[in-house]
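Before any questions on binding or motion, here is one chain by itself as structure tokens, the form predicted alone.
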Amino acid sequence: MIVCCSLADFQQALASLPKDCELGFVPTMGALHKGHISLVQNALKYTPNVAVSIFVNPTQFNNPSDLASYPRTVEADCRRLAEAGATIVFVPSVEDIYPEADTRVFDLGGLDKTGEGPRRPGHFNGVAQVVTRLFDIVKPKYAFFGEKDFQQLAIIRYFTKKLGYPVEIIACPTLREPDGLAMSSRNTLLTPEHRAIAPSIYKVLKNAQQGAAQNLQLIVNGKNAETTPSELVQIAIGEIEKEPLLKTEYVEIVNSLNLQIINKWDDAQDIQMCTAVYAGNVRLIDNIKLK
């Protein structure tokens, strides 16, 4: 495995690969866990040549303290990537990615109007800035992203297609700890008390999934739903906040394709519940398919 700590080194490493090889790409912000490694493993099913970037992108953080506290473990990350079979690891500087201030503003098709968008102003524009910059540098055939960041995945698919990048976006399933907590680099920041209670977020999502299924079955049987989507949201918030160590930022039920909030179960063929919850000072996101 080749580790490149500059843009020049990375370009040299790319040039050493077989001509016209189909490169797989896994962009990360480091602090890697099994979920990230699963992205590499998925990539290796498509191509033997897989590049991984480790870059904590400042333009997608609207909270400076969040940027400062984001875990950085590059040496350990590289060891894990070598074991996983990655071909190249790219660890650029901010100057490599942004030789000049990136002032581009992207059309995100309205996909940033719900969920994370209003709560993290500028976040998804920053994601678009860094992903397009990395696509321009890496020129991959495939790029792999986790479904835990459901809204981010939808937005990346949108601007990749809109801007005409010849990159196939591959979605990979959310990996969870044995107790159900979605794997995240931020989990390492949880106190033992908050780590013990954080899995209840997924339990609430599973309960909501069952509740949605019951209401959808009533509709199929020609009956009225007992609970509307907005009522199910309030139930979920109440269940999460039964735990005094957890504070809900939002729970939303959205159309999986356009990410608009739905008011009736028959408003969309594909429906997702998405949430952000604070466990102490650590912000955790998760989602589940309802329909």
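Keep in mind that what you see is a predicted model, and the values were worked out from it rather than measured. Start at 1 and count along the sequence shown; that's the residue number.
The next section is about a form of this same protein that is not shown, the form predicted in complex with a small molecule.
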Candidate from 205, 212, 127, 182 lying within 4.5 Å of the small molecule in the model of the complex - any heavy atom = 127
Can you pick the one in 145, 142, 165, 106 that has a heavy atom within 4.5 Å of the small molecule in the model of the complex?
-> 145
Given 147-155, 84-92, 190-198, 174-182, the stretch touching the small molecule in the model of the complex at heavy atoms within 4.5 Å is 147-155
Given the small molecule in the model of the complex, answer whether the residues 114, 255 and 274 all have a heavy atom inside 4.5 Å of it.
-> no
Closest heavy atom of residue 229 to the small molecule in the model of the complex, within 4.5 Å or not?
-> no
Might residue 29 be said to contact the small molecule in the model of the complex, defining contact as any heavy atom within 4.5 Å?
-> yes
Give a yes or no for residue 57: in the model of the complex, does one of its heavy atoms lie within 4.5 Å of a heavy atom belonging to the small molecule?
-> yes
